[in-house]
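Just one chain follows, in the form predicted alone, and it is written as structure tokens.
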Amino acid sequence: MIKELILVFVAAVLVNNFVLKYFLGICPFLGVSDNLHSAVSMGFATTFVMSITAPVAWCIKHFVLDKLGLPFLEYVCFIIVIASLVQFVEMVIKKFYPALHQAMGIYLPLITTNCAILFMALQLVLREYSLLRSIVFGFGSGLGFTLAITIMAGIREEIEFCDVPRCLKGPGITLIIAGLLALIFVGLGGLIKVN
């Protein structure tokens, strides 16, 4: 049981990283990763939302939608859950960390439309995970997003001191770095095999 949970966690963080394998959550990945502090904060906010969305989505699926015979409402219910959680996170950050709220700007509300979170909720249903596996999967997926955005932010901060050709400055070099990171994470594909 513990071994299976560890495999689900490692697969979510490294092998099946939503950003670098499925290219989900690219908007905040590219938009917020120009500053390490903002990137880490966005990663932790997304991890929090994913960690809470996973058990809530699982409970809604099994205790409400399945019992009432309404599985076609999964998308709508999951979107409402995600939007509510993001609103909660935004209110907390705005109240306790106003500078961080201002630094994150438009990208904080964009967590609502972060397709990686909805993808995670739908994967729980498709993979038929138990509640415990869902919690581990949600947390691991969030940490995988945090890892990817933090690595990208660290590289982008260092690249400012490099002599990048003028034609590649800005989005060009950022996309090349994202592609190289994706290749690195694809290389981890043989590490473990988990659904």
Partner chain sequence: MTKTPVILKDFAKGLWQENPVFRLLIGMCPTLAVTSQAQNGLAMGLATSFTLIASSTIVSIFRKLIPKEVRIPSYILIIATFVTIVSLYLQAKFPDISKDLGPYIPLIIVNCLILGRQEVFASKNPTHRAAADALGMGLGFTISLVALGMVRELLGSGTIFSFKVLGDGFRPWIIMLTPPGAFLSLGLMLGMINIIDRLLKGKS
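Just so it is clear, the structure is predicted and the values come from calculations on it, not from any experiment. Positions refer to the first chain, counted from 1.
Keep in mind that the form predicted in complex with its partner chain is missing from the display, and what follows is about it.
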For this session: Could you confirm whether Leu147 comes within 4.5 Å of its partner chain in the predicted bound form, counting heavy atoms only?
Result: no
Exercise. Is Val89 close to its partner chain in the predicted bound form, meaning a heavy atom pair under 4.5 Å apart or at it?
Worked result: no
Exercise. Is there any non-hydrogen atom of Phe119 lying within 4.5 Å of its partner chain in the predicted bound form?
Worked result: yes
Exercise. Taking heavy atoms only, is Val10 within 4.5 angstroms of its partner chain in the predicted bound form?
Worked result: no
For this session: Would you confirm whether the three residues Ala45, Val64 and Ala153 all fall within 4.5 Å of its partner chain in the predicted bound form, going by non-hydrogen atoms?
Result: no
For this session: Give, in sequence order, every residue of 4-28 that has a heavy atom within 4.5 Å of its partner chain in the predicted bound form, or say none if there are no such residues.
Result: Val19, Leu20, Lys21, Tyr22, Phe23, Leu24, Gly25, Ile26, Cys27
